[in-house]
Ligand SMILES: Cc1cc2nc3c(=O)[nH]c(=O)nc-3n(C[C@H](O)[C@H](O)[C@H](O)COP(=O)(O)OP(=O)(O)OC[C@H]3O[C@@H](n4cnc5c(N)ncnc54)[C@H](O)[C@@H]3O)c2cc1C
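The chain that follows stands alone, in the form predicted alone, written as structure tokens.
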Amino acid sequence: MAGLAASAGVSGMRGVRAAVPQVVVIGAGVTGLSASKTLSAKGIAHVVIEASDRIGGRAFTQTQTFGVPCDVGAHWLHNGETNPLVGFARRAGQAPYEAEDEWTLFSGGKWLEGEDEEDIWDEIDDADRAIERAVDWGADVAAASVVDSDTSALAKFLIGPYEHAASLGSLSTLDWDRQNEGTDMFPQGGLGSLVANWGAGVPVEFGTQATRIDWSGGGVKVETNKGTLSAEAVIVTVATQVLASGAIRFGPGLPDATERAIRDLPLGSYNHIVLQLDGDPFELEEDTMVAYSGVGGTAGLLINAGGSGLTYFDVAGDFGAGLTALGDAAMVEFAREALRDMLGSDGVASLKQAKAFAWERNALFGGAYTAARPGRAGARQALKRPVGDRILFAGEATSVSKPATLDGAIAEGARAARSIADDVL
């Protein structure tokens, strides 16, 4: 995010750049870091370039705003059973703990209890089964087309935007179904801080933005704002939204199948409005999740995250995108009025400060994470295919079973590096 440079993960040059790199890695998010680690393990000379002044991409912890670690992007350590960051966190003194699956629901001006609460969970179960039936039939359609139209806004939020950063009308049933579910965890000190520590040994050239990739010859030439890098191959880990914008041009142009895959994997909207509250106004256990529907919109809250005093107030999907487009002030005001709706004037009085973090307005990302368009669940596999045997795309967007997760992004970075080592060099 603009103006958040002085945080964990920011430093100067790391290590020494390969004098004659065999591979250029574009982007120092977790995918690029993973690719670099794998290339280094195989003894392959390479260089990692990063347009910003830090590593981590959409995983970023800052402390300036609230005086305590605040994850402005990725916050959940998904798939604890397979995520390599879990073991690293334990070794690094950031021991993760399992996220409690404790939910409280608020809708229609009241906290839901008894049958009212059960009705929402029944709606979610019914919607899940409807999508699963469509998948069993092989139907790759919009999830909204198979879910009962009378399903409440709260239930639709929890099965769509809150998990996938996309509303049900924009979400492929097959893509929804393919995402593996594992144990969710939180690391001590923030997920972005953990990623920064994990990638600290990777040599990165900061402030270096790729503008064009020439693959007309035998290798590749990566044109940047600081000159041209020549190599045998390139791993591109930048967000699909950036690729779709044409910020990096290709000569010759990419194959039609690759171009379409990029367009069919847009980044959805999922943004934090972080609230610092005085005392314990919710009177709920730390890390309790609250699903909210009211004052014109829906949101998911993580109460007193890790005992930090911060409550993550998350907006997503179509409503979240529309709200985000109105600006930070509108986002904070929505959270303030929702706080009033849930807790009354005492809740608003407990608000010490709040800040919105909008990834759509960051030109280096353009959104949160990918959700395949209806009918285009095959786009992830299509984007994985090498172009000209020397251009590989990698990231959570190319993960078929673990998209939208750091676990999937790390695995894809390693996969691309191994592919280059085995098939290209």
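Everything numeric here is computed off the predicted structure, so don't read it as measured data. Each residue number is its position in the shown sequence, starting from 1.
The form predicted in complex with this ligand exists for this protein as well; it is not shown, and the discussion that follows is about that form.
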(message) If contact means a heavy atom within 4.5 Å, which one of 139-147, 270-278, 166-174, 252-260 is the stretch that engages this ligand in the predicted bound form?
(response) 270-278
(message) Counting heavy atoms only and using a 4.5 Å cut-off, do Gly29, Ala74 and Val242 all touch this ligand in the predicted bound form?
(response) yes
(message) Considering non-hydrogen atoms and a 4.5 Å limit, does this ligand approach Ile49 in the predicted bound form?
(response) yes
(message) Contact with this ligand in the predicted bound form for Ile44, defined as at least one heavy atom pair within 4.5 Å: yes or no?
(response) no
(request) Please check if Val24 has a heavy atom lying within 4.5 Å of any heavy atom of this ligand in the predicted bound form. (result) no
(request) Evaluate Ala416 for contact with this ligand in the predicted bound form, applying a 4.5 angstroms cut-off between non-hydrogen atoms, and reply yes or no. (result) no
(message) By the heavy atom within 4.5 Å rule, which residue out of Ala371, Ala59, Leu392, Ala35 makes contact with this ligand in the predicted bound form?
(response) Ala59
(message) Suppose contact means any heavy atom within 4.5 Å; which members of 203-226 contact this ligand in the predicted bound form?
(response) Thr208, Gln209, Ala210
